[in-house]
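The chain below stands alone and is given in structure tokens; this is the form predicted on its own.
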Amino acid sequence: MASSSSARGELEKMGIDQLKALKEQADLEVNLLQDSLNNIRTANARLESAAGALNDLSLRPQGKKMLVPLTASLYVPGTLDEADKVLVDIGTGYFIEKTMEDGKDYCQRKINLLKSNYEQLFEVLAKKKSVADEAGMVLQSKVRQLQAATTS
């Protein structure tokens, strides 16, 4: 609580232009962090979907006929040949052949990493929002004081 009041004291010492610049910068950073959080959520959803698909695939018998996705809307008929080996996309168009268990483990590790990153970014976002809100309140207070002084 003491650091919050000292931060407010520092903000009180700033001029209106400095406060506007600080608020704009903090708002910009908040927006960038929110975009990053949305990207992490999207990546996490994809990985959870992939982990679910791996689990579903591991339960299917060899020789099972199925539709294989080539794109999001194009599927071709295929037959499951080896359910114990999968190709894992490790990024930028590179794939690694792994066993089914290693593929599931890879997805779970990535999901845990994304959750950890999400939590850390969320804490940073909360602090930046607090700075932006505090700067906004001090700025409004100074603008009201200036208006009151000019109308008097």
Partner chain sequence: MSSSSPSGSGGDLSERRGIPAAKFIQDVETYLSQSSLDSNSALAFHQESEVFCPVILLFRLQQYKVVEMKLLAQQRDLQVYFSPPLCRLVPFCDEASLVAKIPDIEKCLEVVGTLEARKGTGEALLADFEVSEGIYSRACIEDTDSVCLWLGANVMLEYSCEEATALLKNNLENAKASLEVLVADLQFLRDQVTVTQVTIARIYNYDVQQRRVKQVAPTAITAADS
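Numbering follows the first chain given and starts at 1. What you are looking at is a predicted structure, and each value in this text was computed from that prediction instead of being measured.
Only in words, not in the display: the form predicted in complex with the partner chain, which the text now covers.
*Asks:* Assess the spot marked by Ala132, Arg144 and Ala149: is the partner chain within 4.5 Å of a heavy atom from every one of these residues in the predicted complex?
*Replies:* Per the other structure, none of Ala132, Arg144 and Ala149 touch the partner chain.
*Asks:* Give me the residue from Ser49, Asn117, Gln108, Gln34 that has a heavy atom within 4.5 Å of the partner chain in the predicted complex.
*Replies:* None of the others qualify; the residue that does is Ser49.
*Asks:* Within 4.5 Å of the partner chain in the predicted complex, heavy atoms considered, which of Leu28, Met66, Leu113, Val124?
*Replies:* Checked against the cut-off, the match is Met66.
*Asks:* Give a yes/no on whether Lys85 approaches the partner chain to within 4.5 Å in the predicted complex, heavy atoms considered.
*Replies:* Yes, Lys85 sits close enough to the partner chain in the predicted complex that at least one of its heavy atoms falls within 4.5 Å.
*Asks:* Does the partner chain get within 4.5 angstroms of any non-hydrogen atom of Asp89 in the predicted complex?
*Replies:* Yes, contact at 4.5 Å.
*Asks:* Quick check on Arg41: any heavy atom within 4.5 Å of the partner chain in the predicted complex?
*Replies:* Output for Arg41 is no: heavy atoms all beyond 4.5 Å of the partner chain.
*Asks:* Using a 4.5 Å cut-off on heavy atoms, which residues of 27-58 contact the partner chain in the predicted complex?
*Replies:* In sequence order, Arg46, Ser49, Ala50, Ala53, Leu54, Asp56, Leu57 come within 4.5 Å of the partner.
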